[in-house]
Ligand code: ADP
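Here's a solo chain for you in structure tokens, the form predicted alone.
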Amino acid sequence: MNPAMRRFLLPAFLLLLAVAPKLLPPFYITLINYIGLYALVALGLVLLTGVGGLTSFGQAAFVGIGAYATAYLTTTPAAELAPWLAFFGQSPWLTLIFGLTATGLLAITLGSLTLRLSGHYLPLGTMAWGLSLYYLFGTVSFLGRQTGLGGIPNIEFFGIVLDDGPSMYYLIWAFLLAGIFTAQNLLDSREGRAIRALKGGIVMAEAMGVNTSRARMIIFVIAALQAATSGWLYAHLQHFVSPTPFGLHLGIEYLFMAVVGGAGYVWGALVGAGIITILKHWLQEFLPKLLGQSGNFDNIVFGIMMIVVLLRAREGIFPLLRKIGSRNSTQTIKPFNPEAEPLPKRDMPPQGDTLLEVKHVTKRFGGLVANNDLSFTVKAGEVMALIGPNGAGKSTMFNCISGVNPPTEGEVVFRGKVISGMESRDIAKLGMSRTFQHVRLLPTMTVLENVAIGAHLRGHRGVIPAAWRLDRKEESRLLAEAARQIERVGLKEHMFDAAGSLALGKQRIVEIARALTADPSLLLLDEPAAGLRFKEKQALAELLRKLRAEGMGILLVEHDMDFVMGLADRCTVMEFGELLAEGLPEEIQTNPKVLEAYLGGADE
């Protein structure tokens, strides 16, 4: 689909939404209203599951919180409520504030417990509290038990009474479009990159300074608030609530909507909600006529069709729709000012000052000793090479230094501060940045966006400014810095390419650019030359020499001995987790122990 057509589609869609109540019968307006309500919940799951990688089956319970909050407060006589609750019961708009506040507090409480889980335990945890809240709705007497609560009043908007489906239509879709707008803005920001980095791995995100626990909580709470808003709208559309619409089966259906529509795409929530809502309606209407009897045949056929969709379009339907009219999927080019004011830079330590001290570090994994009593230093303005055979414990040492796995014994000192036991993100704040032995990029994001993750700690605007595009000046500065580092490492022509489309060697260079965007004083490079051609290695060596001349310290793990010996100022050789030798490159090349254990040994 060409850009001109894409620019035309949104105004056309909004125009169709605006005139639909004038053209369609009430039944179809009701169907569209439900699509809007369901899409609002699925939108939260796009952020939570599709972008953040956190699977939740409990979103229907949050819908129930929003619905029951307004139902209870607006139908209970003021005399029976506590004075502060009676205040909220005066207007449905006040009950929305109360419902969102209650949902937010509940989401923070549940999230602080549930989000500690990983793997299959996380979705099981969401099922547990989803079922608990569902049964709570049907058990508590003041919520009407299984009978439910009726007589929910109409919403009034500037004197207009919204008393039926057509009148509620515009309010429902205004909330949905506002949700889509804010979600898109959030993802297109510093905070959004932090959220998207969750799928790239917690270790990578934390090393770039992202507080992953906070990022996970943010999307968990946002998804809960969007679900509660849907519940509030549902209650005033139906004027009645009971536990049935807030059970686990609806939680599963909401997740289906997000996945089928395209869990990684904001507009996928609307596509998925529309497809599944219309499909279920058609099946319920068509199958009894075809089979001559009623039953749950629609659920059977629906389940089979969902399996087919998931097999044939694993990324969802929306990505397929985007490709209509175009054989090649192009990346969206993020607008930014390349001449934006540069970000402040940290002061580099004087040449020769000790940046890093590793003092008698031992790292044990149960009975396995990966590093044993290792000590070395890295100075400002030097390249220090940490070399040794595969399995020598070099990457483990990197993890000890950068906070991924703190040492069992000994200590690590960075710029005079003991960092042993500190979190990776806190160490990153001090001016240490790193790459990884196994490349950790977000393959569907552009090179520019991947590199900009490295600048996370150099920005400060939070979620609310990002959601309402109040962070554009800072965002432009962050992207401009990322662009400068991309150009610096020689990948300017790939700036707007998807990172996953690059060759492995160039992906490693992208990681170096990302690390440089953090403005470090110490750079940890884990096999940066692996996969590079000869000329690319020469360019990388020249870049590292420039960084060294600027006063940056570089700790290098590398297997290419020609690359190391032509670049390093000093070398430390490891074998079986222990120090084998250290000294100048020419000394290491002639050391008998090193020649026997490594340089003259098996091909690396």
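Start at 1 with the first residue shown and count on from there. As the structure is a computational prediction, the values presented were derived from the model and not from experiment.
Form predicted in complex with the named molecule: not shown, discussed below.
Heavy atoms within 4.5 Å of the named molecule in the predicted complex are found in exactly one of 131-139, 395-403, 272-280, 95-103, that being 395-403.
Of the listed positions (P389, P123, G500, P288), a single one reaches within 4.5 angstroms of the named molecule by any non-hydrogen atom in the predicted complex, namely P389.
L368 is the sole member of V161, A82, L368, I307 with a non-hydrogen atom lying within 4.5 angstroms of the named molecule in the predicted complex. Among heavy atoms of N337, none comes within 4.5 Å of the named molecule in the predicted complex. With a 4.5 Å cutoff on heavy atoms, Q437 counts as touching the named molecule in the predicted complex.
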